[in-house]
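This text opens with one protein chain seen in two forms, each one given by itself as structure tokens under the names structure 1 and structure 2.
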Structure 1
């Protein structure tokens, strides 16, 4: 029997979904008030950092785009959970490494790569790699790599805030737990919408155009970030 996510979680998820989008999607930066909190916080503050991680994940339009691509052909919550965890592992590794080692990567370049990953996923959904190169790249590996890049991007932004040393590692891990939770919420919400769409007969017809649109959005992100990089440097 097929697990009906929408039947179970719909009443809970739908208001959450609406409030997420109403909150206004930022790119995956950190809101000003939240940044202030992070700088003034002292010691280990697990719950606030979990909340910030979840918020960060659920309100960034660039990962939401990527996640729409990822979930396009995923049905089972089990698969969704696997992808979420792979992303979180990648994200945690580079975020911890970046902040602790003080590695600074240009955020425009990281965000341009994130835009490229949206293009990648759209092409993957269209079966382009199979047609062009005869191989189907492992989507799980792609999601892990995307997580690695994304962690670097956020590490660079967090370093600008002079985070207090005390409890830093615990707070970053808490942040990553929040990233996991935020992703499950966001993916669950997207899954409901996808589910409804996939049930319609038009889906097969619209899937091609939808992935081309996803590619357009990805290319726009790439161009936007690369222009920013050229202007600022």
Structure 2
């Protein structure tokens, strides 16, 4: 029996992402050692902050789940590039604004909205809005708006740290560049698996179940964050 990557890509990819989500659900944020380095750094540290930004994206299960939903039915690279760019623009604007302006919003509430973004995209992929409301939301605007919330969610994590003022702007910009680099690398791996999965005959049959799982993961994220908000309040 010949091994076919396309046959196993789908069944492996989403459960793998969901396992990552489950494993990191209680630990999302910046690792303790990384946070310590960021708070003790002196002056401009471009390369270390780029590395930390890219590393953070590897554990950014909420961002990755949303992006999986965004590219799920995108077959042309120019469409993938457009939507990912919209997400990156929104993400970058609020990440930089949130950290540099000191604007603070409860992180549990922001992360709950991020969970809703995963639910939204899964429902959009399932065609729920057309069935329920007879309308199709502007998916490009939605990706940009949710990108703003995703960036602000990361900003709330960084606001918990006493980051040195010296070199702060350059370091945060470098961190954001690292996040985008990490996102591109992660997205590249996801696209390879998605392309193989979509070539298989099982894709049409499994796509519905995959988006239902995506929606469930989003609801779990929302519930987890709202529970944290109620406990902390």
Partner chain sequence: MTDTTKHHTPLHDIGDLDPEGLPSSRSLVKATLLAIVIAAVVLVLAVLPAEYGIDPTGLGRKMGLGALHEAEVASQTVTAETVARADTALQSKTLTLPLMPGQGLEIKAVMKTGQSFVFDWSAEGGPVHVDMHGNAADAAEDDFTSYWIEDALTGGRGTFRAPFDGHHGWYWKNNGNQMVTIKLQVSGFYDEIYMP
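Note that the rigid core is defined as the largest set of C-alphas that superpose within 1.5 Å between two forms. Keep in mind the model is a prediction, meaning the values are calculated, not measured. Residue numbers count along the first chain shown, from 1.
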Check against labels, form predicted alone ends up as structure 2
Once the two forms are overlaid on the core, the CA atom of residue 132 shifts between structure 1 and structure 2, in angstrom, by 3.4
